[in-house]
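Just the one chain here, laid out as structure tokens, in the form predicted alone.
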Amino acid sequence: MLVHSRKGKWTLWALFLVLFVPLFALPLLVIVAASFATNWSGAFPSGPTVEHYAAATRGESLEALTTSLVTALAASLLALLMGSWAALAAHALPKRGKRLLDTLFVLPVAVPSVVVGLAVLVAFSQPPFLLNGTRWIVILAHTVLVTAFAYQSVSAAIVRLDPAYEQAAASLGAKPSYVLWKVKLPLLLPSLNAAAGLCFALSMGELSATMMLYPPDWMPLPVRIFTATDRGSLFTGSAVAVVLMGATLLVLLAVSRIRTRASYR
């Protein structure tokens, strides 16, 4: 519903701030404040310091950040590849086949992620697919969890495509492979970039399935945050969480710039 009066607009803005600040902004601001504190016994933190960030950007924390970035990048690329391929294939299927494929891809996100972690652990702990105890089982679990989002994003974009472009290319004698690579995929590029950013962000923050699977030499940053806070290092864990948020936002901003350029091509 559109609001045209100035009073109505101010009321909506006030309502938005009342709902947004306590639910979304305030918890993040608390984490940022805690990352600079050495004590928090009253309403506000005390003992400002940056030592927590020194610990959060070196040693095991830096290794964990690298692990998260590599895992998220690999899982996002695999999810984008498989999800896009499946979405393109599903578009050519009859309605019943498409519904079946939709159900198969949505299933991993319809159940708790810890169930997906357990399923991956059981399935890949015996030969010939023995991945337990390696980094690959973590990347595989993240891929399974985020592929559904890539599939759904690309499927929605395919439905919105104007078929006239493909028909025009085909009428001029273009082969199906040429239409796919030179016509269809370029039109889908903004949606592909958006799906990649979403998959990356979800993978960077994934914890439940990762806790069941990660080997000692492949600990992602969310696990590092959990272990730090579980041991009572709340302020160090907060600093590591801010580093995680910052790294994720930087990557998403880069993806957003790529998407913006792609939309103007």
Partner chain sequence: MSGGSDIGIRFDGVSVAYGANTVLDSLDLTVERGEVMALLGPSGSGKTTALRAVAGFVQPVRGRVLIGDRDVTDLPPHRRGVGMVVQSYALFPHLRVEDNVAFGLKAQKADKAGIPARVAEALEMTGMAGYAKRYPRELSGGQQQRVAIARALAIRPGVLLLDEPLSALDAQLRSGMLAELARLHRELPEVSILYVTHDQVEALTLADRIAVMDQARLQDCGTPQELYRSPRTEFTASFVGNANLLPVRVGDGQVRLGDAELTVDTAGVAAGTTATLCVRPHLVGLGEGVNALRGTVAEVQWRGATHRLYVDVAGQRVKADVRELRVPPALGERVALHFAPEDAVLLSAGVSADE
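Please read these numbers as outputs of a predicted model, since none were measured by experiment. Numbering follows the first chain given and starts at 1.
What follows is about the form predicted in complex with its partner chain, which we do not show.
A.B. asks: Which residue, Ala168, Ala156, Leu77, Leu100, has a heavy atom that falls within 4.5 Å of its partner chain in the predicted bound form?
C.D. replies: Looking at Ala168, Ala156, Leu77, Leu100 one by one, just Ala168 meets the 4.5 Å heavy-atom criterion.
A.B. asks: Using the partner position in the predicted bound form, report whether Pro127 sits within 4.5 Å of its partner chain, counting heavy atoms only.
C.D. replies: No, Pro127 is distant from the partner.
A.B. asks: Decide whether His91 counts as a contact residue for its partner chain in the predicted bound form under a heavy atom distance cut-off of 4.5 Å.
C.D. replies: No, His91 is distant from the partner.
A.B. asks: Would Pro176 sit within 4.5 Å of its partner chain in the predicted bound form, counting heavy atoms only?
C.D. replies: Contact check for Pro176: yes, within 4.5 Å of its partner chain in the predicted bound form.
A.B. asks: Check Val183 for me: does it contact its partner chain in the predicted bound form (non-hydrogen atoms, 4.5 angstroms)?
C.D. replies: Val183: contacts its partner chain in the predicted bound form.
A.B. asks: For the chain shown here without its partner, which stretch in 69-77, 158-166, 145-153, 129-137 has non-hydrogen atoms within 4.5 angstroms of its partner chain in the predicted bound form?
C.D. replies: Contact-bearing stretch, as computed: 158-166.
A.B. asks: Taking only heavy atoms into account, state which residues of 187-220 are within 4.5 Å of its partner chain in the predicted bound form, ordered by sequence.
C.D. replies: The one in contact is Leu187.
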